[in-house]
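This document opens with one chain alone, in structure tokens, the form predicted on its own.
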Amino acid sequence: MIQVKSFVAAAETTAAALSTLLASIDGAVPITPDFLWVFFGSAHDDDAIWTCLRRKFPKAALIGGTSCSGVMSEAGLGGVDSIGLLLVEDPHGAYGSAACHLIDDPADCAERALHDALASADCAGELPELIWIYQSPGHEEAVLEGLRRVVGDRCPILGGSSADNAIAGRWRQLGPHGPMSDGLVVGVLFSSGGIGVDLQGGYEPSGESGIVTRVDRHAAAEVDATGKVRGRHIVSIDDQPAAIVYDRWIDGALADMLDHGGSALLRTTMCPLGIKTGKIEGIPHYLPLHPDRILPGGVLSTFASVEEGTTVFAMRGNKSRLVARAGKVVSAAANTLPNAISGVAGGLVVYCAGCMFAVGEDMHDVSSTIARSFDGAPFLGCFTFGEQGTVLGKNVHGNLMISAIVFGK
């Protein structure tokens, strides 16, 4: 029998929030977690959080880090100064975590961290039911490449890119050996009650599309053996400056920025780019890419990589879709549980921070919608600057997405 519990506390000081958390835990039904997620607003002292949790739960596999503007749970939004825990007790399962700094070769670092996490779970050489990751933004595709060297796409890899409150680079990751600012934390989960997962975006194509004809080779993340470039700085679409083409697609929303450039993040949340990933029952599915800046020369910067020759589509969304989508993702994840009839013990939700900013005051409806989909079971939600998950059987990195994992009892 799996037991899942969430605890959230908010206070201006980390000591006060931790004191409230510990009091809540001590006053609840006892739980000895085998796996522990922790997320917190970026103003908190992560050394103090790690020390407290290690003392309280010395044997739990630990994973987490900063989350934009705090966390959410079945109790609602925790607020910018919140700290949230999700505890999973599963004496018949196996869990492990490991961490590394993403230096030199992020793919190699990720590969080694996965092996270390499997060893910590005493499951070296085995295929996990789920790999869960939390990382510093910027190397997500390389991290997935490294993890695929070990497991391919034979098991889902879900997670997020750690975030701060103002896109100021104050994101951190928390792993079994303490906090990092440039790292990756990998968790491996072998659950005795089964795990259901899902990842979705809340956008649809608006009609325009074009081919990425050039990516900046100096800023490229990857150049393959055929010379194809993959990166996050799109120089041209249909042989025209990418920012000018994109601005035309979104009816001039960035026209005042085309000459001098700058941050386009908040203006583009409801109109990202998309890459077609395949079809389900004849319906195309798209991976959203969030344009974040206009650079000199009309270069368009995005939060995920794209390969030269790829067709990109103009996408559109709205608040109501982003509110409703969160509950649908949880329900879809629950429907994939191998033992769904046994019921849901609880789960975790990753919600894009860009979507959170766009939804604004309606985020209370998002947390309520998710709570209803969990049907009273506890959950914890974090807000990220990138989302990783499985789309049509392939583990990918995208933007402006929502994912959920659901534990069966």
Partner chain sequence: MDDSEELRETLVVMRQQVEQLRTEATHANLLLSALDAMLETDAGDDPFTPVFAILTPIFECHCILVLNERNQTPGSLECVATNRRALLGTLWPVGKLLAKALSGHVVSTLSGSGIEAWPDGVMDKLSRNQPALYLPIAVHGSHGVMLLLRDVDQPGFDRTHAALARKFSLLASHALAARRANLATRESHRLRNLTAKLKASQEALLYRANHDQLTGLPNRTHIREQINVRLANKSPGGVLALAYVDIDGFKHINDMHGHAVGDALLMEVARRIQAELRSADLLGRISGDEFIIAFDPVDERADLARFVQRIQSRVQLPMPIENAEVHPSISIGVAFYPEHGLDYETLRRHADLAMYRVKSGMKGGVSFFTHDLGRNASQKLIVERRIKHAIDAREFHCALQRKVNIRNGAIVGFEALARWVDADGVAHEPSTFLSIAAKLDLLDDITEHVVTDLLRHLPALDAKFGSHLRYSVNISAAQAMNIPFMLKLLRRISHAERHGRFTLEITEESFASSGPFLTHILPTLRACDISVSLDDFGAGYSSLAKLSELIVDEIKLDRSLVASIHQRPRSQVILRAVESLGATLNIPIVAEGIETNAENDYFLEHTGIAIGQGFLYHKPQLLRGLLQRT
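Numbering follows the first chain given and starts at 1. Predicted model, so just to flag it, every value in this text is computed and none were measured.
There is another form of this protein, the form predicted in complex with its partner chain, and it is not shown here; the text below is about that form.
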query: Which listed residue (Gly202, Gly274, Gly231, Gly175) meets the criterion of a heavy atom within 4.5 Å of its partner chain in the predicted bound form?
result: Gly202
- request: Could you work out which of Glu129, Asp182, Glu308, Asp81 is the residue within 4.5 angstroms of its partner chain in the predicted bound form, going by heavy atoms?
  value: Glu129
message: Please pick out the stretch from 72 to 80, 313 to 321, 101 to 109, 162 to 170 that is in contact with its partner chain in the predicted bound form, where contact means heavy atoms within 4.5 Å.
response: 313 to 321
task: Check whether Val151 has any heavy atom within 4.5 Å of a heavy atom of its partner chain in the predicted bound form, and answer yes or no.
output: yes
query: Looking at the partner-bound form in the predicted bound form, is Lys328 within 4.5 Å of its partner chain by any heavy atom?
result: yes
- prompt: According to a 4.5 angstroms non-hydrogen atom cut-off, is Asn335 in contact with its partner chain in the predicted bound form?
  reply: yes
field: 4.5 angstroms heavy atom contact with its partner chain in the predicted bound form for Asp198
entry: yes
